[in-house]
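Have a look below at one chain only, the form predicted alone, in structure tokens format.
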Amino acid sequence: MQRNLSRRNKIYIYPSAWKIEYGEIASFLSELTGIPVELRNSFFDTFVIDSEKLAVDFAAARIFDIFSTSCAAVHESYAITAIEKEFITEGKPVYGVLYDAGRVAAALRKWIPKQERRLETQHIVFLDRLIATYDAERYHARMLYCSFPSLISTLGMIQAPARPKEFYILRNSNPNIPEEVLLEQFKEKVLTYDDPRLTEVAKGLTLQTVLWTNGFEPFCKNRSCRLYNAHWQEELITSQMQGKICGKHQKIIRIIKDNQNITNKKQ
């Protein structure tokens, strides 16, 4: 388990427009890992970005067929890039579009200044867009994509993990039942937009990115650990709201923190 870790000078968090307590997340990470965490403005407001060029990259990352990695063949379409530019400049959530997570991370990485594009610095970007990775012959929506920068999809927290089987059975048996009625019935087992539990869920996801950045497996097989890689909404809520970290990962986080304390004392 012991590794020769790179010491972190800083973790930067870039919030999205969603109502999540990002300050709480920054404090959580800093206290747990000992790594200084700075909460910045949104990624698009922090750096000098050419929204026209970024819009082209976002358009090219659009997934039009979940069974193909070709992504958007229409990424040079004026209409699509114009819409993407509007989303970027106005900071609007993007509903109903799936993006290739690797392409999005690569597109954002271009705009991080060279002096911050190094192993000692970690960037965590919250996006109000749905991201996906290609696995087992199709794309799957994700809450999280560990990369440089790491991406956390707010929409993914709601849409990527499956809802309870009973939810789908009831919905399919009677398509006329309004979704909000179903969500109210299953509110203990599913997350919804503006759900106050999203902050706790986001804490666990950011912690997963820190483990990945430090060279450790970011996911845990223990269902009660908040590093558990949940595929169901109910699992996600249970693992995150309990706020527990398993013994194995407590040791790993202690290694990261001890390593970081040495760095902090030298600064």
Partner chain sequence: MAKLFSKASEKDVTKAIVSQFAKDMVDFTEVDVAIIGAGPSGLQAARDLSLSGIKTLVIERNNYLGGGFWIGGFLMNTVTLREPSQKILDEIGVPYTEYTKGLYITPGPHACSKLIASACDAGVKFLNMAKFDDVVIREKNRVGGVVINWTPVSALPREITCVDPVALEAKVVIDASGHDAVVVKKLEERGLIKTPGFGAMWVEKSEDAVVEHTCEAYPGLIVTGMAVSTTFGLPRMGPTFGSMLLSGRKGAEIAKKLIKKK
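Quick caveat: nothing in here was measured; it's all calculated off a predicted structure. Residue numbers count along the first chain shown, from 1.
FYI, the form predicted together with its partner chain isn't displayed, but the following is about it.
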Contact test in the predicted complex: P164 vs its partner chain, heavy atoms, 4.5 Å: no
Its partner chain contact at A79 in the predicted complex, heavy atom, 4.5 Å: yes
Close approach of F87 to its partner chain in the predicted complex, 4.5 Å, heavy atom: yes
L130, heavy atom within 4.5 angstroms of its partner chain in the predicted complex: yes
Segment assignment from 114-122, 179-187, 100-108, 146-154: heavy atom within 4.5 Å of its partner chain in the predicted complex: 179-187
All of I63, A141 and Y193 within 4.5 Å of its partner chain in the predicted complex, heavy atom check: yes
Sequence-ordered list of residues in 86-122 near its partner chain in the predicted complex, where near means a heavy atom within 4.5 Å: E86, F87, K92, P93, V94, Y95, G96, V97, L98
